[in-house]
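Below you'll find only one chain, the form predicted alone, shown as structure tokens.
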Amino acid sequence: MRLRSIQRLQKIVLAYSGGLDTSVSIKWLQEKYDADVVTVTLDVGQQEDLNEIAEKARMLGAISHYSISVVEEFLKNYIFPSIKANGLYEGKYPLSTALARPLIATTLVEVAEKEGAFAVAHGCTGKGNDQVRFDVTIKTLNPNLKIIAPVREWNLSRDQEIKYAKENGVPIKAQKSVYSVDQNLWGRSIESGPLEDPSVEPPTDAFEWTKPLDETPDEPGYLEIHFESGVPVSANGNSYDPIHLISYVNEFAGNHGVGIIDHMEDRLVGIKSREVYECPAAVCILEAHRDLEKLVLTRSELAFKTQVEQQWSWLVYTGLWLDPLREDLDAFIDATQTRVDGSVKLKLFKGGFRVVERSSPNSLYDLNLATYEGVSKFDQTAAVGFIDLWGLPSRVGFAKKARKKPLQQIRA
């Protein structure tokens, strides 16, 4: 029998959720590395009992536990930049889970350095994107820290993991749901169970924030969001602090059945995955923000910003939050947002929504130019010369092509 002191010589800092994987990880890390485990849980708006999680960590042998609220930082430094960037991966996913990972990883490094730990650990599997987001961020901030991913390393089946838990005194709660859920202020990611079959419609019990359509109001609801410098500051005429504003929009849109995303997603690791998200506030705010930009930015700005947004979303999704390019893109995005002031009204009904009104003191829309009435200032006769020059390259190219092929072949 190997003797050892109660206080071990090494420390490992573990990102602790309170679930089975990270609970088993506490025992596994102690056993394999003969190390003390310090657990860290961050509040990013997931609406969990952090005191209960802390007590469980200590009961399982963590020598200390950090419960840290970073909701405000998450909102201002991650969600708000994503709103300005119209952050959507593959045009669908509002990056809710992806945005939280670099913040969690950064905090892990800070705690590890404070505790003098030699390693940090997380509960990611080898199949998902989160392992990349954690590992890249941690290695970028502190290359000397060892990264341990017990679930990825032990390669246990669920049955083997439960057996290990029972043998090591890890309490196993009755499974409340067949789904695996990651949740924060910006959205819910829902996986497993029947959702793994892309040909099956998601059951209603997968959702918590959006009402089933038969329970939504029989009259449309209107949601007016006011923006200043590209970020929302009020909703339906009421000013809220940023966290409560997101919560208000989330509840309002969810009550109308708005916010479910169901799409086929290409994971970074190469797996094509059916992903289901619940993001009522995110989809509404992003749609309103994008529409307001179309009112106040020029065509050239919008066209270039679309390319920037795609690259920005790709960096966030693939774990490259700390890449210098992301900050470079932010600089351009922030420059465009100085004029994104105004209000957008959405109409929500039975799971659908659309923009119905928008206004801004910086609007580039000029009624006197756009109207077809007699008061228009637009000189329509100028269009003839414009059309002639605009179509010149096409006429020249077509004439060249027509000399080589009969018209019938060109039309075919």
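Just count from 1 along the sequence shown to find any residue number. Quantities reported herein were computed from a predicted structural model and do not represent experimental measurements.
Only in words, not in the display: the form predicted together with arginine (ARG), which the text now covers.
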Arginine (ARG): the contacting residue among N77, S180, S247, T338 in the predicted bound form [heavy atom, 4.5 Å]: S180
Would you mind picking the one in T216, T137, S189, S313 that has a heavy atom within 4.5 Å of arginine (ARG) in the predicted bound form? S189
For arginine (ARG) in the predicted bound form, the stretch among 198-206, 329-337, 126-134, 285-293 with residues bearing a heavy atom within 4.5 Å is 126-134
Since the partner isn't included here, can you check whether arginine (ARG) sits close to all of A98, E275 and Y317 in the predicted bound form (heavy atom within 4.5 Å for each)? yes
Is there a heavy atom of E265 no more than 4.5 Å from a heavy atom of arginine (ARG) in the predicted bound form? yes
Would Y93 show up as a contact with arginine (ARG) in the predicted bound form if we use heavy atoms at 4.5 Å? yes
